[in-house]
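Next comes just one chain, in C-alpha cells: the form predicted on its own.
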Amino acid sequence: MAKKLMKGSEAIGEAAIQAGCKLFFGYPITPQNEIPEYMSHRLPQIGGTFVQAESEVAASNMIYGAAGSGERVFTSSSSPGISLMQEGISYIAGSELPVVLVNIMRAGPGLGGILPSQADYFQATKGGGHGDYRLLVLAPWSVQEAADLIQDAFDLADFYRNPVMILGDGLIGQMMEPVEFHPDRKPCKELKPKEWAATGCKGDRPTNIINSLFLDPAALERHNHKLQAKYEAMARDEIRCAEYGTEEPYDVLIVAYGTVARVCVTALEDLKEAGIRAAMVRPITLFPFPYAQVRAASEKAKAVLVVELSCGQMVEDVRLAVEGTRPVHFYGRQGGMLVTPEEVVDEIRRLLTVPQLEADHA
C-alpha cells in the first residue's frame, strides 16, 4: 500500500479505524482536535458512530459502556481533558475493559499552553486516578510509529482487558509525515473471543456483569491481586525500547522518549562528529518501563543524561533503573519550549568536564 502524507492526529484516527474501531466518544481540546474531527468524518463512512460528549467526564463514561459491549472503542484528549477522565479510567481499569486512550500532551500545569510538552508522564504511568491500577503506556516518536502503536494498542487492550494509552506531545499530533497502512496486518497478540462482554444472553449462557464494586473486602482484595498479576505479566512481556549506538564504547548514555528522542539522535550525530562518545536508549513503553535495558546500557557509561520536556519526571524511573551505580543528570525545557540538538550537545560537553565524573568512574 502506498504511503500517504498525513498529519499525526489524522493518522492516529485512520489507524484506529484500520484496527477495527467503530466507536469514538470524546470532547474537543487542542492540540488534538483533528482526531475527533477526522473520526466524525470517517466513522459514518464505515458504519461507525461518533459522539461529541458534553464533557470529558461524560466521554469517559460513554467509553466504559461501549467497551462493556465488547466493541473496539477509543477516545482522545489533551492534558486537562485526560485529568477530567481519570475517575472514569479508574472504573474502566477496575472493570477490566479494553479501551484505547490518546493523550496529545500540552504544557501545564493548569490550562497551560497548547505547545509540546511531556509533563503528563507521572499522570500516565503512575495511575492518575484512584486505586491500585496501571495503564499500558506507549510513546511514539514519529507519525508512522504513532499509527503502528495505535493498532497494537487495540490488540493489547483486548488481550489484557485493560486500558492502553498512547502518549504523545503536540508535535506528534500536528506534524505531517508519510504513513503506510498494511491491510494484511496481523494482530500483535493472539486474541480470544470476548465471552465476558455484556451483549445479551437470552438464557443461552450465564449473565455477564461489568462491575468494579466489591462490597466484600476479601473479594475486593482477590480482585486487586488478580489485577496486579496482570500488571506483572505486562511488565514481563510488553517492554519495548530502542537503542542507538550502544554497540560501541561511549561515555554518556542519553535516555529520552517521544519526539525529544529524535532531537537527541541528531545530537548523537553531532557528538560523533566532534569525537564525543554517546549512546541512547529510547523507551517505547513507559509502563512497563525498560528498567533492565536502561540499567545494562548505563553500565557502559560514565554518566546518564535524561532529556525531557518537563521539570523531570521520567528521570525518576531512570534513577530507579540505575540504582545509584552511575550519576543521573537531567536536562529539560518547559512551557512548550523545545530542546535543541545544540543544547543536548552543550549539556553533554558540560557533564564531561565535571572533575568528579572521571574520579568516580575511572
Partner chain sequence: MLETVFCRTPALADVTTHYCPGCTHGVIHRLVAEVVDELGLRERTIGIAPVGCSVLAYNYFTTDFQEASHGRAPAVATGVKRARPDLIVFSYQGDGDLASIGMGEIVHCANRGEKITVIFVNNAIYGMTGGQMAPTTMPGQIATTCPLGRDVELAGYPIRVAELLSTLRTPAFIARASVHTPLYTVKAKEMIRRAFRHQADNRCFSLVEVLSTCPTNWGLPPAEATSWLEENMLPYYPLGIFKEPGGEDRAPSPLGEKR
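What you are looking at is a predicted structure, and each value in this text was computed from that prediction instead of being measured. Positions refer to the first chain, counted from 1.
Form predicted in complex with the partner chain: not shown, discussed below.
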**Prompt:** If you check in the predicted bound form, do L23, G200 and N211 all have a non-hydrogen atom within 4.5 Å of the partner chain?
**Reply:** yes
**Request:** Consider Y331 of the chain shown here, and say whether it contacts the partner chain in the predicted bound form, taking contact as heavy atoms within 4.5 Å.
**Result:** no
**Message:** Under a 4.5 Å heavy atom criterion, is Y91 part of the interface with the partner chain in the predicted bound form?
**Reply:** yes
**Interface membership of Y64, the partner chain in the predicted bound form, 4.5 Å heavy atom rule** = yes
**Prompt:** Is the gap between E54 and the partner chain in the predicted bound form 4.5 Å or less for some heavy atom pair?
**Reply:** yes
**Item:** M234, L97, L286, V179 - the one with a heavy atom within 4.5 Å of the partner chain in the predicted bound form
**Value:** L97
**Asked** Considering the partner chain in the predicted bound form, which of R205, K126, K226, K192 comes within 4.5 Å of it through any heavy atom?
**Response** R205
**Item:** Residue stretch of 264 to 272, 234 to 242, 213 to 221, 144 to 152 approaching the partner chain in the predicted bound form, non-hydrogen atom distance within 4.5 Å
**Value:** 213 to 221
